[in-house]
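Given as C-alpha cells, the chain that follows is alone and in the form predicted alone.
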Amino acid sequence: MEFSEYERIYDEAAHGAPRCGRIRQALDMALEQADIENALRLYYVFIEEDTFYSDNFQSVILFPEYLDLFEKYPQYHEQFSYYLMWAFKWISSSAADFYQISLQQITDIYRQYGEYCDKLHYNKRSYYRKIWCLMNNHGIRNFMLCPDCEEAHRLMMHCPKDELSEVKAGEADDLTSYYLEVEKDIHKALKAAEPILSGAYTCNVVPHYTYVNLAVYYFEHHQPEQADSYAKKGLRIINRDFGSDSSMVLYKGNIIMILSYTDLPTALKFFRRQLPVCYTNECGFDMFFFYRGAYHLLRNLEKSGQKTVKLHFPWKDDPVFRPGNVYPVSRLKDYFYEKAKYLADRFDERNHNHHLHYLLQKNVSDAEG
C-alpha cells in the first residue's frame, strides 16, 4: 500500500485519542502486511500525535515495539534514524511524568537514548537537556547518569547544536527556565527571555511556557503584580490555542494557582472552563499541578466567604458528584487536595524524595504576603 492509503484511515479523525486510535488501526494493518517501511512511519506518526495532542502515555508503552522493529531492519536505519531520535526525545521526557513508570525504567530509557545518540551519530545536546530537565522537574538529586542538573546543563551547553536541537524559541525558553528554576537569577532569565518577550522567537509552545514560568517565579518571590501580569499573558494564549483540549495542563494549573491570589474571579472562570477538559489527561505529573491549582483556588474561595460553587464536575461516578452542579467549597477543597496528595505520594515514592510533597505543602500564606 502507498502511505497515502494509510493516511486516509486517520486524516479525518479529530486530534488526540480519536486520531491515535485510527493511526493505531493503520499501524496494525501495516504490521499485518509486513509493510515495514510504512509501519516505521506510522509508529512515528502515532508518537507525534500522542505527544502533542494527548498525554503521551500510550506512546511510552508503544515505544519499545517501535525500537524493536527499527533494530530488526537495519536497511531502514539511514532513512528513519532522524525520526527515531525525535521519538526518543519525546519519550525520554514523557516517561518520567507517569508514576507507573519506575525510576529504573526511566534510567534505562535515558541510557538507551545516550547509546543511540552515539550509534546513529548524533551529538548529546538534547540528551543532556532532557537529563537536567528530568532532575529539576522531579527533584531527583542522584540520577545515576549525571551527578546533578547543573552538570547536565553544562554538558548540554558544551555540545554544538544539531538537527535534534530545539528551535531558537525552545533554546531561549530552556535557558530562561534554567536561570529561573536552578540558578534563581531573574536578571539572567529576563535577558534570556528577551527574544521571546519581544516576539522575535516563537513556536507552538513559546511564549506560553515562558510567560507562565516567569509568573511562577514572581509568585514564589512574593511579587503579585508581576505574577499576575505574566500569568494573564499566558492565560490569553493558552485559552486561544489550547483551551478546548487537555494539553498544557501543568501550565493551566499554575495559572489557576497564581490567579486565585491575584484575580479570584478570573481564576474561577478559567478553572470552570478547563475542568471538563483537563480531567481526561492521564499524565499524573500534569494533573498534580492542576489539582494543586484547584486546591489553591477553592481555599481562597473559602477564605473569601463563599460557601458553594457551581461547576460541571466531570467525575460522574465519584461520591462527591452532585446532580445539581452546586458543591460545597470546603468539600471540593479537601477533594482536590487529596487528589494532589495521592499523586505526590506516588511520584515521591517512585523518585525516592519529597519533591511534590514540598510543592504541595508550601505555606500558601507566603503567597498572600
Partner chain sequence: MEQDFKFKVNLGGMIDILSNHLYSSPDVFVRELLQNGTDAISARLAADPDFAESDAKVEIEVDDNQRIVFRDNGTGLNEDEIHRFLSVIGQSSKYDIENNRASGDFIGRFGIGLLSCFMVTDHICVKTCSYREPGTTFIWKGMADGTYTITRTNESMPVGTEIIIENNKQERDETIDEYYHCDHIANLVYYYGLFLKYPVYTINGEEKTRLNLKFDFDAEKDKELCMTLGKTFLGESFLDCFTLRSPTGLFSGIAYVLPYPVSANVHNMHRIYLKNMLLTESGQKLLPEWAFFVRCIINTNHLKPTSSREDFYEDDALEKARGEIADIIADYFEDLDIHNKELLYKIVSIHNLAVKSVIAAGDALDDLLLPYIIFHTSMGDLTGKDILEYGSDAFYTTDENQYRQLAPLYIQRSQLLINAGYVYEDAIITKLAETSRKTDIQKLTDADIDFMLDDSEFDGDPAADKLIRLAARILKKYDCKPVLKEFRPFEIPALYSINEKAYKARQIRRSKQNANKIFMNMLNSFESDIAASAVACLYLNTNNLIIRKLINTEDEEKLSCYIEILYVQSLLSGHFPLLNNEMKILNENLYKLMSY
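Residue numbers count along the first chain shown, from 1. This one's a predicted model, so the numbers in the text were calculated from it and none came from an experiment.
Keep in mind that the form predicted together with its partner chain is not shown, yet the notes after this line are about it.
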Legend entry - Region of this chain that lies against its partner chain in the predicted complex, out of 55 to 63, 33 to 41, 328 to 336, 297 to 305 [heavy atom, 4.5 Å]: 55 to 63
Inset, instruction - Run the contact test on Ile109, Asn239 and Arg273 with a 4.5 Å heavy atom cut-off to its partner chain in the predicted complex and return yes or no. - result: yes
Inset, instruction - Heavy atom within 4.5 Å of its partner chain in the predicted complex: which of Tyr218, Tyr261, Tyr99, Phe143 fits that? Just give me the one. - result: Tyr99
Inset, instruction - Using heavy atoms only and a 4.5 Å cut-off, determine which of Asn204, Gln223, Gln105, Gln79 is in contact with its partner chain in the predicted complex. - result: Gln105
Inset, instruction - Consider Gln25 of the chain shown here, and say whether it contacts its partner chain in the predicted complex, taking contact as heavy atoms within 4.5 Å. - result: yes
Legend entry - Contact label in the predicted complex: His121 to its partner chain, heavy atom within 4.5 Å: no
Legend entry - Close approach of Trp86 to its partner chain in the predicted complex, 4.5 Å, heavy atom: no
Legend entry - Val309 within 4.5 Å of its partner chain in the predicted complex, heavy atoms: no
Inset, instruction - Between 293 to 318 and its partner chain in the predicted complex, list the residues on our side with a heavy atom within 4.5 Å. - result: His312, Pro314, Lys316, Asp317
